[in-house]
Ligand SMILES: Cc1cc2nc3c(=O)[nH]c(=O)nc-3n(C[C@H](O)[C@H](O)[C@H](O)COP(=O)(O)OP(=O)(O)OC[C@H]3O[C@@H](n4cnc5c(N)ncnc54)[C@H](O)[C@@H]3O)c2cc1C
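Okay, so here's just one chain, in structure tokens, the form predicted alone.
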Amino acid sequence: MKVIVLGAGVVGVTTAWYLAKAGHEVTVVDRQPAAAMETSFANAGQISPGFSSPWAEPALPVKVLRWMASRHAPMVVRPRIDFAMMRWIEQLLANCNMHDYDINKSRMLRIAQYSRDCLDALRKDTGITYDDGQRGLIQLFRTQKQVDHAARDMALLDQAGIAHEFLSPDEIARNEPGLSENRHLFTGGLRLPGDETGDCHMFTQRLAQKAEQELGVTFHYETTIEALDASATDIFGVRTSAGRMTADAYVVSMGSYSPLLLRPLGVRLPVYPTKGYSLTLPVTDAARAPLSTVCDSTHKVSITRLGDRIRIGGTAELAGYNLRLSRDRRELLELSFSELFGASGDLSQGAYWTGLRPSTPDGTPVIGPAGRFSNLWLNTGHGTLGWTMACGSGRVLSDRMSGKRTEIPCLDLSLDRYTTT
């Protein structure tokens, strides 16, 4: 089968990889000059199935009200007349109850854990490297309330079979010596030994090269995707700046831009851009730098070691498709890093970046067929966890498109969950 994958971020490239491994003839189209040049370019660097949680939790509405008065709030809503954003927020709030939280988190854990296993197998099969590390992740709790909330998450981790352990401040310092001087700032932590780290941009570009050279995948870069041509039940072409392209099947993996392409077809995809930021800086004191990933639960910031660099990533901002770099968001990243790891990295040399995470109201990606169209498929909406869920999402979609039985339950990951009761 001939397949066109629209989008060359980490999700699009891994999808192309697994489709090509399954024997399909694959073409990837992207407007950038190379793979992983947008949201996959400088994310937080963590592959964290154990840290997979929806933003929509029961306490979120109260937290957002409190954050409105804070300059350094983890989540910010920029006021604007935007009906898509208002509808998305409405759906997000509808998921802010314990029943839906447990369902959504369980779905996220399932695909994230499977994805980590797929990535491990891919790394062994290909020998691919990407400043990767397999030393786990620590989620830091500064308050007892955060510890109490984590108890429910740990019960869900037990159900999902994900290894974890609660650590005292002293135990945290033994795992991350760079935190020793600042252990008074936290009350405990959750260690997830199976979580990993790595440079998503480096991985995606190297996998794209392997897909092209070893599997015959064709990449059309610097090619704008303009529209899909469709009948009532089928897609019969994609219009691009390089001309019209045709295939037997089409996969939309365009991140936050996926709903814009689908809207003219009448496909309502509940994905909205959640703007995130990162700083990448050189290590200046290895003894005080993080060894793996440390997540600051208070500021919603992740601090990750990538070789001789440190990646500080986080925050969520609803501001449409605006890619302007915000000064107060940088201050929040710098604040969390300075409090925890001090002068282990040079903030003055930090490369500041922003990207648009394609987020769903329930936190779970959309993987599967696109409504009434028999040959249109979706793999998007991964939010902050595109790097974590990419390989598993690509494998699941490839198996479904190939008519194979998937290795994990996946029907509740499709778009149908928004249209059925």
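Counting begins at 1, following the sequence as shown. Bear in mind that the values here come from a model prediction, so they are computed numbers and not experimental data.
Not on display, but discussed next: the form predicted in complex with the ligand.
The stretch in contact with the ligand in the predicted bound form, judged by heavy atoms within 4.5 Å, is 35-43, chosen from 370-378, 391-399, 35-43, 58-66. Residue contact check for Phe219: none of its heavy atoms lie within 4.5 Å of the ligand in the predicted bound form. Within this chain, Ser336 is remote from the site of the ligand in the predicted bound form, having no heavy atom within 4.5 Å. Residue contact check for Tyr277: one or more of its heavy atoms lie within 4.5 Å of the ligand in the predicted bound form. Gly386 belongs to the set of residues with a heavy atom inside 4.5 Å of the ligand in the predicted bound form.
None of Gln144, Gln349, Thr224, Thr129 but one reaches within 4.5 angstroms of the ligand in the predicted bound form through a heavy atom, and that residue is Thr224.
Checking Val251, Met254, Val301, Ile310 against the ligand in the predicted bound form, a heavy atom within 4.5 Å turns up for just one residue: Met254. Although the ligand is not shown here, in the predicted bound form the stretch 8-25 places heavy atoms of Ala8, Gly9, Val10, Val11, Gly12 within 4.5 Å of it, in sequence order.
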